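In the block that follows, a single chain appears as structure tokens, in the form predicted alone.
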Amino acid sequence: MIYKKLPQWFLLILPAIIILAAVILIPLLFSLYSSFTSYRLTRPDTLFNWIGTFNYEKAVKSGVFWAAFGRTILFLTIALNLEMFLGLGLALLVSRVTRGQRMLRTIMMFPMMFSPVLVGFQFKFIFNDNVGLVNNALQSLGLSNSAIPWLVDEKLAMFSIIFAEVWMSTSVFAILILAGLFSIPQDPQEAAKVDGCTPWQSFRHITLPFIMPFIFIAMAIRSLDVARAYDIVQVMTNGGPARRTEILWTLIGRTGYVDAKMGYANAMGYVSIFLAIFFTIYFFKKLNAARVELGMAR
């Protein structure tokens, strides 16, 4: 039989290949094919209506798509920078703790263990106009006379989403940066003290170059997560008000499952993937540059 002619190593990995093909490869190829068709969920026969690159051209020319892309970049930039700075500060504080550090590291990881859907519902309640904890606290302290529409006002809604995202994911940066802090050799720091360097000079010229590779690793991981954020935005605002918080993947979900334009949604998804790959390559180039600089410093 055929399987007897196959090499043994291939037979051992064959089940994994079959599972990967069924779960990843086949759906990926199907979505790629459908992006070149006018496929609509309500009309299955349109799956065979080949229209070439029309969906991609439509996405590239769409003002709605680029507006969502701009909001995604804004969301990604603000969230990543806040997570990086807060994570760095948190890691520096925890690294100086002498007692109970293991417990602090464990507590620090709690937010990243929650499902994004659960975090979305949690902060949707916290920022609720009428019964939200934030409005009740502000009114009780006399800081506000009326309820603030956190999830209805276009600017405050984006702030609320970013706040929820930062709360959930700052610990990713903190854990990775803390690992970098623990890997720093003590000799350069002791030499800096002997030479009379200030704490800021030691941090700027010794600590920071050592932890930059860890920061860029966290940036690469989180940029992919934030770029395809869906759960928190969908739960908290559903892209509203008036699509003011609509980002790429909520737009793609709305196009595919509400408007039933699955072929067009898949095309937008692949354009988004190419953009995400671009940012990943950018951060990995920064990571390699930081590693080279660190190697030269050593």
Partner chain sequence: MNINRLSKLKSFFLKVSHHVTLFIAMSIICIPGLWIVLNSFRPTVDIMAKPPVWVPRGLNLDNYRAMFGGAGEGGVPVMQYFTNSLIISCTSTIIALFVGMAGGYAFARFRFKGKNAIFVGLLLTRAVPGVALSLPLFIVMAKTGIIDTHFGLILVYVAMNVPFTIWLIDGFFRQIPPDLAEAAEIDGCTRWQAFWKVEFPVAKAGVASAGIFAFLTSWNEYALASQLTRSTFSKTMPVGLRDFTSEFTINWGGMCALAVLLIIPALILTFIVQKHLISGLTFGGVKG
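Predicted, not measured: the structure shown is a model, and the values here were computed from it. We call the rigid core the largest set of C-alpha positions that still match within 1.5 Å between the two forms. Numbering follows the first chain given and starts at 1.
Although not depicted, the form predicted together with the partner chain is the subject of the following passage.
* Asked: If you check in the predicted bound form, is L178 within 4.5 Å of the partner chain, heavy atoms only?
  -> Yes.
* Going by a heavy atom distance of 4.5 Å, is G239 a contact of the partner chain in the predicted bound form? -> G239 lies outside the contact set for the partner chain.
* L41: touches the partner chain in the predicted bound form, heavy atom cutoff 4.5 angstroms -> Within the cut-off, so yes.
* Even though the partner chain is not shown here, does Q234 get within 4.5 Å of it in the predicted bound form, heavy atoms only? -> Close contact exists here: in the predicted bound form, Q234 approaches the partner chain to within 4.5 Å, heavy atoms only.
* Identify, from the list A227, M158, L80, L88, the residue with a heavy atom within 4.5 Å of the partner chain in the predicted bound form. => So the residue touching the partner chain in the predicted bound form, by this definition, is A227.
* Asked: Within 230-258, which residues come within 4.5 Å of the partner chain in the predicted bound form, counting heavy atoms only?
  -> Contacting residues: Y230, D231, Q234, V235, W249, I252, G253, G256, Y257.
* To do: Align on the rigid core first; then say whether the Cα of A227 has moved by at least 2 Å between this form and the one not shown.
  => Yes.
* For V258, state whether the C-alpha moves by 2 Å or more between this form and the one not shown after rigid core superposition. => Superposed on the core, V258 moves its C-alpha less than 2 Å between this form and the one not shown.
* After fitting the rigid core, is the C-alpha of G70 off by 2 Å or more between this form and the one not shown? -> The answer is no; the displacement is under 2 Å.
* Explain in one word, closer or farther, how the Cα atoms of I232 and R228 are placed in the predicted bound form relative to this form, where the distance changes by 3 Å or more. => Relative to the displayed form, I232 and R228 draw closer in the predicted bound form - a change of at least 3 Å between their C-alphas.
* To do: Can you tell whether E246 sits closer to or farther from L224 in the predicted bound form than it does here, judged by CA atoms, where the change is 3 Å or more?
  => Pair moves farther apart in the predicted bound form.
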